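One chain is shown next in structure tokens, namely the form predicted on its own.
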């Protein structure tokens, strides 16, 4: 049943003009970021070589472009997730799902997997772009794969938060704004972490802080666990919310 819900959500999203507009916008923005960083690297590489600071193109261009892409996703993912459950609640079709032989957790997981399938399309295209660097040079595949893993973990967390907030309202627009606000607030916690060095409490609230090892080519199992646990908690909260609202909706 989870697979059926995921396929249905994926199909509905793909048929939406908004999804294709967002895909095109994401690809154009990422291409602009990537080639801008590549041009900056081309212009500054002689000075870096002279200063002995040249470490290859992967970190400044590939990891740098993936880092900036996470902030673009912060704005795009809320637009993709805003309708997954909020629209069902607004149109009163959620009651049909809840009355079917399916649990609230199945509904949430199906919606989440479907929207992850959707966001995987532009991410796959973004992941292919750095490979063109192989035509004229080398690529640090360890750093590339770590940065790509960080990008995928961030997308998973963003989608989980978006599905959770979408489950709590009947207004897709409100769900989009609230999701973007929560993700932005979590990012701002990283600033407070830098101001208060060693503050582990603030560090636990910041997804940006957890991504830092990945941008440096280090696969952090602790950060990976953070993204998985927080995503599962967000999905569990969404399922609990749907289950708690079952009686009121009938």
Partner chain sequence: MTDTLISADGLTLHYGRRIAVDNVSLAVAKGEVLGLLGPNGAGKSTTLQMLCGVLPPDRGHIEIAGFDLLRAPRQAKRQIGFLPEIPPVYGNATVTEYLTFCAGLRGLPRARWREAVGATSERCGLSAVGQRLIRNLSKGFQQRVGIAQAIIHEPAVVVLDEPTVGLDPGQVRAVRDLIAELRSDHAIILSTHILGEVSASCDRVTILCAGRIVYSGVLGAGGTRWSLRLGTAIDLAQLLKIHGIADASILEPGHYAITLDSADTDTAAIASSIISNGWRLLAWQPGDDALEQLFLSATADADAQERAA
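Residue numbers count along the first chain shown, from 1. What you see is a predicted model; the values in this text were computed from it and never measured.
This protein has a second form, the form predicted together with the partner chain, left out of what is shown; the following refers to that one.
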| item | value |
| --- | --- |
| Listed residue that, although the partner chain is not shown, lies within 4.5 Å of it in the model of the complex (heavy atoms), from 134, 128, 96, 173 | 96 |
| Residues 142, 220 and 222 all lining the partner chain in the model of the complex, heavy atom within 4.5 Å | no |
| Distance check, residue 72 to the partner chain in the model of the complex, heavy atom within 4.5 Å | no |
| Partner proximity in the model of the complex: residue 156 to the partner chain, non-hydrogen atom cutoff 4.5 Å | no |
| Non-hydrogen atom contact residue 100 with the partner chain in the model of the complex at 4.5 angstroms | yes |
| Region of this chain that lies against the partner chain in the model of the complex, out of 101-109, 164-172, 115-123, 143-151 [heavy atom, 4.5 Å] | 101-109 |
| Residues in 1-16 with any heavy atom within 4.5 Å of the partner chain in the model of the complex | 1, 4, 5, 7, 8, 12, 15 |
